[in-house]
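One chain is shown next in structure tokens, namely the form predicted alone.
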Amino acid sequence: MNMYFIHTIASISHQDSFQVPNVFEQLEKLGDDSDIVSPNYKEYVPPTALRRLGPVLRMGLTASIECRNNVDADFDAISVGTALGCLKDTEKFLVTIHTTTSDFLSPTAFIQSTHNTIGGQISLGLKNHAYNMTHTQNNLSFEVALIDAMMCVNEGKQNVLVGAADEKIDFLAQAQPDLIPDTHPLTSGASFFVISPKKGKTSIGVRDVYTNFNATNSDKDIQNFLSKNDISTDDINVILSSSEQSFSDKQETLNYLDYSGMHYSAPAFALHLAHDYLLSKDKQLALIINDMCPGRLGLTLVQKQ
């Protein structure tokens, strides 16, 4: 059984989660007027550069720098997930195209609107020239990025940065509920982790990840996933789900969207919550279920050894 141990975490969310040792103990459900709890970005990014970065770039870069500050070696791979990318810069680019009267259009807004700008800014900010990949698979973007990071570890890499980030803009509300579920308020967030084959201080890591882009029977997929890992539903201590999923009264259940809000990188924050739950409760197994979008299922098994 391979384990991919978590060595450090940095999350910017609607909870007080940045540089907080145990987020799980102080969770508060989001209200309609909840706002993101931002760190002091100037402590991480020079003001001249900060002015050019949109919200999702600020979050992703700052969380990555914080992770780098807490490990002893440079990252030898970077894997980023984002469903919608740099929305604010995309909106700015499209508005500029629509309103400009000039024959020439500055490429800056377009360059900063692409999804892989987040990974690019992380590489530039950390002066890191290692493997760098961005994954964009809607609500399963983080799980696919995590699978990529695990493959990097399998290939011999020792310190892999993996995370996900997404931001909201006002226009997104017009896509609800047809394209984006409206069960929770639209939010922004970023969560990044360093994983390694070597045990970290907490001995908590990712045991397995599963994705299905054409899920027709989620219950069966979950049972098969657990059977593959030689565990039963009774072995699970906590279920963190994007719905009201539960197996029995033997598990503690948590809808992580109640605390992250609705953005497609929320499963990355759920991994942060699972890590802190196992640490604070001295439990062994957590299952994260990502079923935000019909027909697309992501499962992440987190274990403390």
Partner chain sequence: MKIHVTGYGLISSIGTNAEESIESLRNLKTGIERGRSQATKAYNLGAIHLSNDELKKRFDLKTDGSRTALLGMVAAKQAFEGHELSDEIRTGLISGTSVGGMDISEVEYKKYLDQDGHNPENYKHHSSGTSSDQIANELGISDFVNTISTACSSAANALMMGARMINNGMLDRVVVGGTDSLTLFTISGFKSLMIFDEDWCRPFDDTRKGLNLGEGAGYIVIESEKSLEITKKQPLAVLSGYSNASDAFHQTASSPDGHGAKLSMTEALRVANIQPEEIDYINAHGTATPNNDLSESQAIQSIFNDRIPPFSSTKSYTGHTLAASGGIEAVFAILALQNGYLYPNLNFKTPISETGLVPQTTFEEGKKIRHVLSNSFGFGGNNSTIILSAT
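Residue numbers count along the first chain shown, from 1. What you see is a predicted model; the values in this text were computed from it and never measured.
What follows is about the form predicted together with the partner chain, which we do not show.
Residue contact check for residue 135: one or more of its heavy atoms lie within 4.5 Å of the partner chain in the model of the complex. With a 4.5 Å cutoff on heavy atoms, residue 155 counts as touching the partner chain in the model of the complex. Taking the partner from elsewhere, residue 84 is found to have a heavy atom lying within 4.5 Å of the partner chain in the model of the complex. Although the partner is absent here, residue 187 is not a contact residue: none of its heavy atoms lies within 4.5 angstroms of the partner chain in the model of the complex.
Figure note: of the listed segments 229-237, 67-75, 110-118, 190-198, the one touching the partner chain in the model of the complex, with heavy atoms no more than 4.5 Å away, is 110-118.
Along 164-184, a non-hydrogen atom within 4.5 Å of the partner chain in the model of the complex is carried by 171, 174, 175, 178, 179, in order along the sequence.
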